[in-house]
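One chain follows as structure tokens, the form predicted on its own.
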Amino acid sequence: MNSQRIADIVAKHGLEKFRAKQISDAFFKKHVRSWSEVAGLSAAVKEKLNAEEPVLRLTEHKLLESSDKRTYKALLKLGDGRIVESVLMEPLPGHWTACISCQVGCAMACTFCATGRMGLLRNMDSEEISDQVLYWRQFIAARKMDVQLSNIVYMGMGEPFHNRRHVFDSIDELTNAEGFGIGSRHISVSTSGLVKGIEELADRHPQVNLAISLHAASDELRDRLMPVANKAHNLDDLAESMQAYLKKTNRKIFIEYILLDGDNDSQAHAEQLATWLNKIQAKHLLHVNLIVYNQTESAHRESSRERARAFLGALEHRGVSATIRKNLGRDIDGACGQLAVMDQK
């Protein structure tokens, strides 16, 4: 459900124009699940809409809950039978974040990411993307959870800037004050480094947070870990794009760096990363999120906590702002890099 679809439904079923706001308020503010709960519509209209106009373009296929009840993972079936995964998590007490997908699978083939093993099956359209947020809002309301969905991150299945048109349309929808009404600074988009998408984000949504999946500070290593992304735009291209983004937006960039035991987690790798980051002007607007690898079926292994702390210390010694991000949802394969649905229609 989005604002355009509501307008189409009002026109298609001959409803008065003012009904659009009633419908919008019902779904985006009250988070109702069916047309039967929309106030102001006649019983006959509700019955017709329930039969002909599904509220969501996706349905719950399976729901998993972590043992600490701070992470939920939903397998959501799309209209063509394809399945994507979406995650609701509580990284900080009382602050809930929805991690949403934008593609069924991914073409980037990053060696440490489960989604990359699927290959790209198709792009999701903007309504399928934003419907994940509506699904989680309905989930929270139905369970009477006394919380709000605080943040949205495009860090699920797929490379957002490989599906730019639909991703940016979905951001337009999520930030529409008459619809979802989510503030731009509560939305983050993560990219493996596709330059055109970074440029477009700076132009269209300069207040939306940008995260760069880096994972290596040499082209040789990045070619091995992220073959498609780095061959499209190497580290020099990426640094130039980041510099232009910082100049245009004056907004912080978050650098995501997954620590892989023996591959990219040595002191030399930390110094290499610090050197690369320190070449970028306005380095006070750069922050590194270190992520201890979440196990998938790849040959990679997670770095030890001691090695991760040593890596963090080396960055801080070189003047780089950094933290080790806490992993949530590992027990339901809902953590960073673990999303994948191999059994597709």
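In case it trips you up, residue 1 is the first one in the sequence shown, and so on. Bear in mind that the values here come from a model prediction, so they are computed numbers and not experimental data.
Just so it is clear, the following notes concern the form predicted together with a small molecule, a form of the same protein that is not shown.
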query: Residue stretch of 44-52, 61-69, 315-323, 284-292 approaching the small molecule in the model of the complex, non-hydrogen atom distance within 4.5 Å; finding: 284-292
query: In the model of the complex, the residue from Ala216, Cys113, Ala98, Leu134 that sits within 4.5 Å of the small molecule by heavy atoms; finding: Cys113
query: The single option of Leu210, Ile182, Met155, Val167 touching the small molecule in the model of the complex, heavy atom within 4.5 Å; finding: Met155
query: Partner proximity in the model of the complex: Gly197 to the small molecule, non-hydrogen atom cutoff 4.5 Å; finding: no
query: Ser126 within 4.5 Å of the small molecule in the model of the complex, heavy atoms; finding: no
query: Partner proximity in the model of the complex: Ser241 to the small molecule, non-hydrogen atom cutoff 4.5 Å; finding: no
query: Proximity of Ile258 to the small molecule in the model of the complex, heavy atoms at 4.5 Å; finding: yes
